[in-house]
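Shown below, as structure tokens, is a lone chain in the form predicted on its own; questions about how it binds or moves come after it.
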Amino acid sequence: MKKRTADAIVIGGGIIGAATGYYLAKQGLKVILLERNFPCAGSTGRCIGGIRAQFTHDLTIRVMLKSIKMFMELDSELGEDIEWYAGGYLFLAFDEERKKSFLQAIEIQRRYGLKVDFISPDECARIVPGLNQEGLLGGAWCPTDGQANPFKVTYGYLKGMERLGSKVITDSEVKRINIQGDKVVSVVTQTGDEFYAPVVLNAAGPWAEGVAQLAGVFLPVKPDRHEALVTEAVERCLEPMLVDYRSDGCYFVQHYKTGHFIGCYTPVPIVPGDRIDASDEFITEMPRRMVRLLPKLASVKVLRQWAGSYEMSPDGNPICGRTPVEGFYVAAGMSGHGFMFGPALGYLMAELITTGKSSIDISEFRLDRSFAKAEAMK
């Protein structure tokens, strides 16, 4: 059994833990990141890589505007081609209620300078040639949204941490969090190794609720299963992420370099629990839904499917900040948007931990909020 000390311990090797660890290290802290399995083994490595600022919560829009700016500059920051591409996001409206909700969201988004418009069905078809316009009333279009590679971004941050003198330790599951008085002092892994630090960040994704319980903190984050698939590579024919919010809708994008389509949908009803089992229903339904929107995909073959967890908060917004235990912080409950939040929330959490405040006030994401302001564009 080993004993080590650090300025900060990060629990979780997904995008949130990696980004926060990097920005803490960049501010001079010695960081030890503990990952129970391997980096990207949780939600990050199972997401489809979309990045957008089209949300309805004011703070989320501001955080995502910062995150997109950071994604645009991450190649030079990390010395890694993270495959950022601004192909845009097109949210489709097939009924008046959805159109109205998009128009209301656009009004909020424009207050923060987001370049977003509600466009006609013909304009949607000009952006997405071959789009099935049957029943389409138009779409919310933002050309500055985009895509990037979750693995390259996360590993880029982890390599950056190590270049700055911090440590990434895999196969290390935290089993105990030691508290003296009301302060966190150390964590103990399954091997009995103990790591001492005055700061511990819970960025454990789908397992964040259980990690919080080790510190006696209640964290309302529950995982539910989402499935995704990737197709064979074909000639480029789709620029934006295409989003269909109908109950039998889906969302998918074509990777701008490789030509693979990657997509998923939110099941109805949801499938609760930390599950990675794939279903026959998804592999039947998802291609049908994609072809309904873009009939020219009918001959494109699916290569594989997989499943992972969204780590859902009660209102669909992140839970970030301090906890009742001094020195014990949380950044979890990303509700399916952790990858896109990663750069900005990592940066802001590092600021909060090292200076006591962040350059964008993220207190609306605090643990003890009412959770009454739900995000409409989940």
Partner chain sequence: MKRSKRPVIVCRCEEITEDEVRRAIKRGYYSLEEIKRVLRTGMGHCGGRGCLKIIARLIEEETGIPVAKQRFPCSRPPLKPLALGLLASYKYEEKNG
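Numbering follows the first chain given and starts at 1. This structure is a prediction, so every number in the text was calculated from the model and none was measured.
There is another form of the same protein, the form predicted in complex with the partner chain; it is not shown, and what comes next is about it.
If you check 98, 225, 159, 222 against the partner chain in the predicted bound form, which one has a heavy atom within 4.5 Å?
-> Among 98, 225, 159, 222, a heavy atom within 4.5 Å of the partner chain in the predicted bound form occurs only for 159.
Considering 185, 169, 103, 283, which brings a non-hydrogen atom within 4.5 Å of the partner chain in the predicted bound form?
-> Filtering the options by heavy-atom distance leaves 283.
Which of 67 to 75, 299 to 307, 185 to 193, 110 to 118 sits within 4.5 Å of the partner chain in the predicted bound form, heavy atom basis | Partner-contacting stretch among the options: 299 to 307.
Non-hydrogen atom within 4.5 angstroms of the partner chain in the predicted bound form for each of 89, 218 and 366 | Checked in the predicted bound form: no contact with the partner chain for any of the three.
The partner chain contact in the predicted bound form: residue 39, any heavy atom under 4.5 Å | Yes, contact at 4.5 Å.
Does residue 46 make contact with the partner chain in the predicted bound form, using a 4.5 Å heavy atom cut-off?
-> Answer yes; at least one heavy atom of residue 46 falls within 4.5 Å of the partner chain in the predicted bound form.
Would residue 232 show up as a contact with the partner chain in the predicted bound form if we use heavy atoms at 4.5 Å?
-> Contact check for residue 232: yes, within 4.5 Å of the partner chain in the predicted bound form.
For residue 143, is any heavy atom within 4.5 Å of the partner chain in the predicted bound form, or not?
-> No, residue 143 is distant from the partner.
Counting only non-hydrogen atoms and a 4.5 Å cut-off, give the residues of 151 to 176 close to the partner chain in the predicted bound form.
-> Going through 151 to 176 in order - heavy atoms within 4.5 Å of the partner chain in the predicted bound form - the hits are 151, 152, 155, 159, 171.
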